[in-house]
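First, one chain by itself: the form predicted alone, in structure tokens.
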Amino acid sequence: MNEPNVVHLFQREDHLAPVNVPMQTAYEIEQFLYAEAELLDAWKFRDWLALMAPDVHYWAPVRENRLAREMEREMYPPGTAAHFDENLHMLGERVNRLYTNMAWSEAPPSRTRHLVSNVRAHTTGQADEFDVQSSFHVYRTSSERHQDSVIGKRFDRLRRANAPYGFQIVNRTVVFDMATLLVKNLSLFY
């Protein structure tokens, strides 16, 4: 039986390699990610959307609990089950919906805090593109008592751009740490 050769995202050699970008570039990338988090927490979703490249792929694969010997198969491959698998148009539709006041999952609006850490950047075969990993914790409260937390890791491809924060997101893979998301909805962005 032929099985797809899927290497677990956390175990790929290029993801585990030492950071190899200059310190200034690493700083600029970190500041970009922090600015992105601030835009999301401030509900500046259209400004956040402007950080996406025209060819962006924004994807969060479904994850299963597997035995250690099956870890390389704990995440569904591209084109199969995903929490979201979106391009720029689809992200734009989600953003626009939040401004209609008809997104009932966000009425009243959530208060969020996007915390980003463990940022590691690597060069790619393209001079103006970087592979960036970061960990995130999104804390959300809404209504009087509801609160939840989502923690995970992001694998980004960033491209230098003549844009307000100097980069655009070409590709983002969001890997949630939990196999079952214990949140009311996925109306937020990660």
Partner chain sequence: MDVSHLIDPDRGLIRGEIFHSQAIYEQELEQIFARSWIFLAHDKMLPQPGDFIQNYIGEDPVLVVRQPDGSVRAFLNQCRHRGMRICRADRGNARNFMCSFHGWNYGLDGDVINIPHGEAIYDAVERAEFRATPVRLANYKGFIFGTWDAAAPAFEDYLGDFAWYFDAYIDRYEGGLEVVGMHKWVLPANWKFNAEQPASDMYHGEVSHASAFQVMVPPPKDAHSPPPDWAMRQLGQLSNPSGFQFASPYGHGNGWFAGGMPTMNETIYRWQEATAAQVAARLGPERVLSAGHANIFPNFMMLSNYTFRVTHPRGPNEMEIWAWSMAPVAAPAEVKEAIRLDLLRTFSPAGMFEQDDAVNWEEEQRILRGHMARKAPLIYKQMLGRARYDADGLPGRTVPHVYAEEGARGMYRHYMDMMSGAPWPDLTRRKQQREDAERRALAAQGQPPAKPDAAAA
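Positions refer to the first chain, counted from 1. Quantities reported herein were computed from a predicted structural model and do not represent experimental measurements.
Below: the form predicted in complex with its partner chain, not depicted.
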Does its partner chain come within 4.5 Å of a heavy atom in each of Met102, Leu182 and Leu186 in the model of the complex?
yes
Heavy atom within 4.5 Å of its partner chain in the model of the complex: which of Arg160, His122, Arg66, His137 fits that? Just give me the one.
Arg66
Check whether Lys44 has any heavy atom within 4.5 Å of a heavy atom of its partner chain in the model of the complex, and answer yes or no.
no
Distance check, Asn118 to its partner chain in the model of the complex, heavy atom within 4.5 Å
no
Does its partner chain get within 4.5 angstroms of any non-hydrogen atom of Asn96 in the model of the complex?
yes
Ala81, heavy atom within 4.5 angstroms of its partner chain in the model of the complex:
yes
Tell me which of 36-44, 161-169, 129-137, 57-65 has residues with heavy atoms within 4.5 angstroms of its partner chain in the model of the complex?
57-65
Scan 143-168 and note down the residues that get a heavy atom within 4.5 Å of its partner chain in the model of the complex; none is a fine answer too.
Ser143, Arg145, His146
